[in-house]
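Taken one at a time, structure 1 and structure 2 that follow are two forms of one protein chain, written as structure tokens.
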Structure 1
């Protein structure tokens, strides 16, 4: 087709620039990985959240690989920051607390991953489907969600955990947040309600594109910031509930886990009457608060990552005009 043709069809125009395979991969990497990272790291909240998550993942993988689990050979209740050999002190049984915290991390991370992924997938499927479909289906799905929301999560999880006694961290994560998706689904549904009337979605519908495809390619990408924040909140929910249940000793205390550490520190005879064992109780608490604070900060900053304008500004391979 010649360029002089005034009535050239836009759908048949071919780009006059050819890119090599290497350039193509560079663009993909730049727009999908590097640009979001730059946005994230430019925001102090994103920087804090991202480094917290990376730190805990490193501790849970490399840290576990480098160190041995605590073996109870240290002195009893050594204070932290006194002895180079036991930087965070020891507990009543002579276990190095730093090693204890390190070796509890993989369990925590697996549990968080299990719970968060399970919740966000179910919530996204139910929420977007109900919101998009509308009508009777929406009514029925939301009725089920409302019923689940009305059941207090923790007692329900306790009853299930006592009867089925899960031990696999991934499964524990799922069990702990079993009813939680309902609240997320409801929130996502109301977001979908505002998107579904957009003209480009109506266009897709008129073209006869199947619902599944519309949901996947048009609706869900629009909800990504929202899903991200909810993913982070779900992860925090897993941490809160699991540490709480392990602290109560309702879930099996035979695993290495921050909640179990708190349980031991709290229930050890007379430990609350003295300041000497305070570090034993407080260190796992710091880990819990630190990780959940990092997740919240990450979620707040991730909001920006899905803003297409911001993303273009931070990508090197996108033309000036396109910004």
Structure 2
């Protein structure tokens, strides 16, 4: 092929503008990190959600590193602010409840990460692949999804938890969300059916681009707002399901987390019936509601980051404000 032929090919045209390596990394950093962060932080919902997530991550990492686990040396059932050495009070065994909440946070975060990532990863892979390929592959994958959807989720989780008694937080998160990916996979497959007919997808397929590349670079980015919302919902589902199962004593209470604290408050001190020990039950509930609400706000604000139209509009607004 002659030089003139290469120049005439639109896919091999070389840009006349050259940028240095430093400028390239700066552009990548601004596009992928700083711009989404600016959009999130300029939305009150995003600011609250992002701050909440960062706060709990710091509590679960730095907080655990800076403090010792509760040692049961405090008074019995001290109320919050009754003794400033134990600002959130103590439980029936003399444990500092603030230290208990701090040292229960890493278990909760790992459990949320395990369940949410497993749920979204499996659903995205199955749903997008089935929707894009169609035909026999689509039928088989959707038949598997329908079979899993037909299985009652809660009894299945209870049976697995009783038989295997998982204690690793990452595994507990996966067990709790084990059958949930099927419904999301079906919903994602429906979204892919409408996207795969777009002209740029047809062009990519005609050019012989591999399926995994088309899915990764063309289809999944278009589904990111939907995936992000479902990631947040999956994380909230892990929180509520785990706390409920620990509170009912179905999962092993040998670990330290917010659900176990609520279980002990009810079984050891009857916190549902007396105000003397109610703070032992209420404090973990506040953490559950706070983190769940933060995730909802973060998910709603993240729509501006992943939705191309909203992102372009809000990016322009942020840039204008910066000037």
Partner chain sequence: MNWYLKRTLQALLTIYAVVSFTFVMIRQLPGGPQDYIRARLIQQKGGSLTTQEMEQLNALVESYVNIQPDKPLWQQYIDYVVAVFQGDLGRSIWHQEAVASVIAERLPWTIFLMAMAITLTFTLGITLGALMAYAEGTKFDVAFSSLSTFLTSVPYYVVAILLVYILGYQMQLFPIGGRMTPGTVPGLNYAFFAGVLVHAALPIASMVVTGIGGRALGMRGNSVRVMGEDYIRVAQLRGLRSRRIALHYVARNALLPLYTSLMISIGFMFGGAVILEKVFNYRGAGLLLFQSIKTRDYTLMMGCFLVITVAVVIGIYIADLTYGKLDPRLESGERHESF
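Positions refer to the first chain, counted from 1. Take the two forms, find the largest set of C-alpha atoms that superpose within 1.5 Å, and that set is the rigid core. Bear in mind that the values here come from a model prediction, so they are computed numbers and not experimental data.
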item: Structure corresponding to the form predicted together with the partner chain; value: 1
item: Rigid core superposition, residue 150 Cα moves 2 angstroms or more between structures 1 and 2; value: yes
